[in-house]
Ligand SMILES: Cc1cc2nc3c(=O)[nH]c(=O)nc-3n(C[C@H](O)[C@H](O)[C@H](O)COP(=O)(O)OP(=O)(O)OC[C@H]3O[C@@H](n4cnc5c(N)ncnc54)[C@H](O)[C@@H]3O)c2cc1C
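Take a look at this single chain in C-alpha cells; it is the form predicted on its own.
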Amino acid sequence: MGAICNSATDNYASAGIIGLNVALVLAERGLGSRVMVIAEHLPGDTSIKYTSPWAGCNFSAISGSDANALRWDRLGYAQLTRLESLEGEKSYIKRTPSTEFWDEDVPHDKIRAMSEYLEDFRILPSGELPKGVKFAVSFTTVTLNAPKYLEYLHRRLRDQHGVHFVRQRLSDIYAAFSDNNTRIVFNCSGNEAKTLGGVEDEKCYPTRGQVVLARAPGMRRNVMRHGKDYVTYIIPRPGSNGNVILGGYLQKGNGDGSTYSYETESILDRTKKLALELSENEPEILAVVAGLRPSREGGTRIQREHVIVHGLERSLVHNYGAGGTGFQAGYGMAIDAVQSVDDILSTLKSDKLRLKL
C-alpha cells in the first residue's frame, strides 16, 4: 500500500511480495527516498496472515493464460533472471532445471507464449513421459528462497534506495490519507482486501496450501505435475543448505491455517513418485506449514480509483488478488500499477513531495 506525501502517513498492508515489488518499481524510477512501506507484518515475521514467506517458490506455468497474465509472467521472468545474474547468491534466486507434467487440460496457449522467452525450453517427446502424463516441457526456471528473498528486497530497498518501513495496522483504507498532502495510496492488502474498510471486495478468497520443508541435498531440479484435482511440486530452496519445498494443495476458499498429518503423508507419497532423488534418499522433514494464497474471482485487480478524502481528490491504486503467482508475476503487476499514476509521478521530479508505500 502506498501514498505520496510530504510527511509520514499511515497505510495498511502486509509487506508481501506485491507491495515490495511496487516499492521496487518506484525505487527504480529514482523515487526510493519518497517511498514508505507501512505494514502489520514485515520481512522476517511469520503469521498465517502474512502469506508471502510460505511460498514455494518458483516460476512455472501455474498462472493464467489471459493477455495480462502472459505479459506479467514475461516481465517477471526477465526481472528475476536479470537479478540472479547481477546479484548471484545474495539475491536467493537461482536458475534451476525444471520439468512440468500435465495429466490433462494442457494450457497450450500459455506454453506457446512461455516458449518464446524461457531459457532452454523443450517439449518432451511422448517416449519420455511417465504413465498418465499427456504432455510435458522442460526449461530453466528460477527458484527462490521466499523468506530470504523478502528479507533481501527489504534490505535492498531500505539501504540502497532509502525506502522507509513502518510497522502499523490501519482500520480502513482511507486512514492512509490521514495527511492532507497524501495524493496516492497503493493498496496491496492481499487477503485483507475482502474485509478492509473502504475496499471490502467480495470477490476475494483464500486458496489454502500445505507444504513440507525438507532437507534433500540431492534434489537439485524443479519438478511439477498438474493433475485434475491436485498439483504436486518439488522446489529446491536456494541458499538453504539443501532444503526443498514439497507440495501441495490448491484449496479454494479454505482459510484454515492448521496443518494435517494425512496431507503431509499425501505430499510425501506424491513427491517420492515424482522424483527418484526423494524415493532413493528419504528426505528429512524440517517443518510443515500452511499458507493462504490471496485469490480473487476474475483474477488480479489492478485499478486506479479516484477518491475524495477531506474534500480533496486523491488516487487509490488497487493491486491485489494475485493468488499463487505473486513472486513470478508481481513485478509485472507492479509496473502496471505504477504506470496507472504516471501523470502524478511525473511531477515528483520537480517538487518536494514524498512518495510513501
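Because the structure is predicted, anything quoted here is derived from the model rather than measured. All residue numbers refer to positions in the sequence shown, first residue = 1.
The protein also exists as the form predicted in complex with the ligand; that form is not presented, and the subsequent description refers to it.
Q: Is there a clash that blocks the site, or is it open, when the ligand is superposed from its pose in the model of the complex and ligand atoms are checked against a 2.4 Å limit to backbone and C-beta atoms, 3 or more counting as blocked?
A: Placed partner shows the pocket blocked.
Q: Sort through M114, A214, V163, V211 and report the residue having a heavy atom within 4.5 Å of the ligand in the model of the complex.
A: Only one listed residue qualifies here, and that residue is V211.
Q: If you check L26, A61, M36, A55 against the ligand in the model of the complex, which one has a heavy atom within 4.5 Å?
A: By the 4.5 Å heavy-atom cutoff, the listed residue in contact is A55.
Q: Contact between L83 and the ligand in the model of the complex at 4.5 Å, heavy atoms?
A: No, L83 stays farther than 4.5 Å from the ligand in the model of the complex.
Q: Find out whether any non-hydrogen atom of H41 is located within 4.5 angstroms of the ligand in the model of the complex, and reply yes or no.
A: Residue-level check for H41: yes, a contact with the ligand.
Q: May I ask you to check whether A334 falls inside a 4.5 Å heavy atom distance of the ligand in the model of the complex?
A: Contact check for A334: no, nothing within 4.5 Å of the ligand in the model of the complex.
Q: According to a 4.5 angstroms non-hydrogen atom cut-off, is N281 in contact with the ligand in the model of the complex?
A: N281 lies outside the contact set for the ligand.
Q: Counting any heavy atom within 4.5 Å as contact, can you tell me which stretch out of 27-35, 309-317, 296-304, 47-55 lines the ligand in the model of the complex?
A: Looking at the partner contacts, the answer comes out as 47-55.
Q: In sequence order, which positions of 125-141 have a non-hydrogen atom within 4.5 Å of the ligand in the model of the complex?
A: Counting only heavy atoms within 4.5 Å of the ligand in the model of the complex, no residue of 125-141 makes contact.
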